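First, one chain by itself: the form predicted on its own, in structure tokens.
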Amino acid sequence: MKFSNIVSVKKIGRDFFEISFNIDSEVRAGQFLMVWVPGVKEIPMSVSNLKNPITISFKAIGETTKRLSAMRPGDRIFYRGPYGNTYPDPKGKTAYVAGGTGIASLLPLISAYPGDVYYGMRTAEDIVYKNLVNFVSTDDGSMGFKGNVVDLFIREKRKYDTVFVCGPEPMMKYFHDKINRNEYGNIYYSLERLMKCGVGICDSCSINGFRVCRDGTVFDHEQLNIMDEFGTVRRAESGRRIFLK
């Protein structure tokens, strides 16, 4: 476990924050850190800016993220990593499909490789990084397309050589099942699961034998084809299997 002093804390949207701090390791697009605040649990966090001071972007919705959002410059933040594999470099015409805080994982690619950005949130108040987004969807229709970002992507009927997808698992499952695979080149997904160790030991993030923290978090479309637990089953903190609706 290492620690760093926080350089900055920014509120960039409703309950959406960025924290920047320096680390002594190189981080690549798609990798994550295990971040810990004393008194609460350790959680995986995507790195949204790779160069020092690096940045983690998150929504304050749980105990740990709420504690993080209350921190100030100079406070210590504890971390392990970076862990996980990386996104491949995109080839040809590229699209990014993000739901919720999933946009954080895609930001390093979006910044380095221009492409069409599709972003979905519940309401207009939740939309962040508006200057980077080409197509917006909101559940309530308060901005852009009314509905989910997957239906927006399909409605646009644009062709891409490379597509990157990150968001809540039900959203990515919907994308995987609805998309016409023959119309696109390479499709990559960054998965998010309960992680306790981050290094492939505890098996809490396992999907059909794939350890999301070690074998991912980035998987291609064909790998998801053989994960029948993806979008259907997850594990509770206790290890109990929970069947998703």
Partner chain sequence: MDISTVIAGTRFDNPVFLASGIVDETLKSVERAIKSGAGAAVTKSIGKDERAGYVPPIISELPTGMLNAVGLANPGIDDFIDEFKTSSLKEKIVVSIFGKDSEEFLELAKKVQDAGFTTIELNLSCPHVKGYGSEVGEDPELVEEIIKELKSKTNLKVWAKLTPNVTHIVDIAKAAERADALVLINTVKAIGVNIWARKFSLTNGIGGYSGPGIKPIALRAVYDVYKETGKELIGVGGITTYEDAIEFMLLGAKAIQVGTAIYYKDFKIFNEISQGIMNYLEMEGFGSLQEIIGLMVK
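Treat the numbers as computed from the prediction; the structure is a model and nothing was measured. Residue numbers count along the first chain shown, from 1.
Keep in mind that the form predicted in complex with the partner chain is missing from the display, and what follows is about it.
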item	value
Contact check for Met1, Glu42 and Arg241 against the partner chain in the predicted bound form, heavy atom at 4.5 Å	yes
Heavy atom of His221 within 4.5 Å of the partner chain in the predicted bound form	no
Contact of Val27 with the partner chain in the predicted bound form (heavy atom, 4.5 Å)	no
Partner contact for Ile12 in the predicted bound form: the partner chain, 4.5 angstroms, heavy atom	no
Contact of Tyr87 with the partner chain in the predicted bound form (heavy atom, 4.5 Å)	no
Listed residue (Gly185, Gly62, Gly200, Pro53) with a non-hydrogen atom within 4.5 angstroms of the partner chain in the predicted bound form	Gly200
Heavy atom within 4.5 Å of the partner chain in the predicted bound form - the one residue of Lys146, Arg155, Arg76, Lys91 that qualifies	Arg76
In the predicted bound form, residues of 210 to 232 near the partner chain [heavy atom within 4.5 Å]	Phe210, Arg211, Arg214, Asp215, Glu229
